[in-house]
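Considered here are two forms of the same protein chain, supplied as structure tokens in two stand-alone entries, structure 1 and structure 2.
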Structure 1
């Protein structure tokens, strides 16, 4: 597919948690095209998770512009940003954000209940959920009806991934999604992400400390090189 449309456009983007604190994010410019698979790396404290939350509208910038699919999320009300995220963004959070007493299958299909746009893309929600879970080795009948609170951390992580993928969101954001997976499942997981995103022309933003995974992506971004806040912090630490 020819990648021409910019789906993520950051200009003079700055964020900090409090007025008297230094910037956590200070990015002059970053553009990501439709269908790109982008790997973002950087040490702890370089702002990776904060950046992802800005892209998803969980946080809003203090300065600058964060345009996602042509929309300025900071100009929306919180409820509008929530609806936009549900419709257009699949997000694999570090803490998974699963509902512990719902079953595996119900947690995956829950994403469709918050978005009619994604629900309309799936003819048979439970069948689609099982298809995704099967590719993550999570489709055993005894697992599908099991409350996610009874699963291992690695199993919960795979449920969160299937939930993010269902309904073909235009953008998939994954924050350390392979941290609890063994080597074989990690390879299968990356293959599934690439396959699903390519099929739906979705854009993949993938954050990980595991730099061996960057070979599977179109582009690798070291946040220390584009985030002036992280660069300043590195200089400060080196001087101490």
Structure 2
């Protein structure tokens, strides 16, 4: 892949949850290049999670194009989109990222279960999981043996990062992964995330309503500026 290749390309993208409602997402154009570390900010309810769902192919746009890694998601069948997500995208949620009934290692290798492509890239899933966890400072034997529900929130988030990275997906999407961490840990977590993405040459899309985090990223996008829907909404709110 060339350094300049466009990984995400949105054109006239429009989405709403229900008919007869204003658009939740209305983006004229947005491109993200391979290897970029992008920060997307926006207040609560501005459609950040909705946008990520569109990027990950869980939702399909009502109008416009959503091209990921050169593929038109809208033209795929639902099952193909699910497979595409499994193959190419790692996901980190705000919190509660782990399945309580799986061990730390199994939570990491879970990402391989639904993707033969990522499975094929990893010869020894458990070793690879431990290697990633080790980079994230999470490979202590007693930590690995602990039930995931007993890990601290920060530790759980690091396990989630390991899961998102295993098998080298091209894109890593994080939806407010630091909102339940305190300021010090937040900084450490983000630099860890950056570092890992750099090593794997993954594109990082990091979403948060916390403006102060944008300093850690190459590029910062304000959803309110690119999302026409939010604009018209805030206008109408202001008018009232």
Partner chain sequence: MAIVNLALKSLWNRRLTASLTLVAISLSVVLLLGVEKLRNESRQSFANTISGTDLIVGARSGSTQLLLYSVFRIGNATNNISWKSYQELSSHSRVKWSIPISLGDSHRGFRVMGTTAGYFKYFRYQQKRLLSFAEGQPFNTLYEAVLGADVAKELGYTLAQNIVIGHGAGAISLVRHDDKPFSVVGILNKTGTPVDRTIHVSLQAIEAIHIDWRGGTKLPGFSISAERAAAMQLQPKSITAFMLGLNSRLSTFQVLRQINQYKQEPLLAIIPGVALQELWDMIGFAEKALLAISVFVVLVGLTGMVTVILTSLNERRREMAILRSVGARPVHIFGLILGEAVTLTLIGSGLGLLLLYGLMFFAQPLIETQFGLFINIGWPSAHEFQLLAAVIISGVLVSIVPAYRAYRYSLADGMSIRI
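Numbering follows the first chain given and starts at 1. Rigid core (definition): largest C-alpha set, two forms, superposition within 1.5 Å. Predicted, not measured: the structure shown is a model, and the values here were computed from it.
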- [ ] Decide which single structure shows the form predicted alone, answering 1 or 2.
- [x] 1
Task: residue 33: Cα shift of 2 Å or greater between structure 1 and structure 2 (core-aligned) - done: no
Open item on the list: Please state whether residue 185 has a C-alpha shift of 2 Å or more between structure 1 and structure 2, with the rigid core used for the fit.
Closed with: yes
Task: Inter-form CA displacement between structure 1 and structure 2 at residue 148 - rigid core frame, Å - done: 3.1
